[in-house]
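Encoded as structure tokens, the following chain is the form predicted on its own, with no partner shown.
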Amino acid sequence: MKFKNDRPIYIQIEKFIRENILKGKWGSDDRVPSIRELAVDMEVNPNTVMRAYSELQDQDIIYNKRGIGYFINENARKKVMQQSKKNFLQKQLPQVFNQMELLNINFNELEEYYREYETKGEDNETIK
């Protein structure tokens, strides 16, 4: 995974896990990679992964079965969806509207770009 310099790595790892939950790659009670496994795969310090897991555990997205590993909580997808939607509507969408206004882009134009985006599918991912 290629990390960006504008945000802490543990937050980017959280986002990666949240995206996998939203995409259905990890469902309720699925085991997520161990701290060590994910640290090796992502080439980061295990403490960084531990911080991401701690944050997700505090938010009831994942839970720990002592001695076995971390698992996805039953309502994780719903919680992640609600949190992500709220963040998008309150923080990101106003920025999009502002840029549309500045660049004189109307909704019809935006719809054309969205349809093009839809046809590209998985190629549009920023984090894999």
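Only the largest set of C-alpha atoms that superpose within 1.5 Å between the two forms is called the rigid core. Source: prediction; values computed, not measured. We number the residues from 1 along the sequence you see.
One more form of this protein exists, namely the form predicted in complex with a further copy of the same chain; it is left out here, but the text below deals with it.
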>> I'd like to know whether residue 64 contacts a further copy of the same chain in the predicted complex, with contact meaning heavy atoms within 4.5 angstroms.
In response: yes
> Even though a further copy of the same chain is not shown here, does residue 34 get within 4.5 Å of it in the predicted complex, heavy atoms only?
Replying inline: no
>> Taking any heavy atom pair closer than or equal to 4.5 Å as contact, tell me whether residue 40 reaches a further copy of the same chain in the predicted complex.
In response: no
> Given that the partner is absent here, does residue 84 sit within 4.5 Å of a further copy of the same chain in the predicted complex, heavy atoms only?
Replying inline: yes
>> With a further copy of the same chain taken in the predicted complex, which residues across 11 to 25 come within 4.5 angstroms through any non-hydrogen atom?
In response: 19, 22, 23
>> Aligning on the core only, does the CA of residue 25 end up 2 angstroms or more away between the shown form and the other one?
In response: no
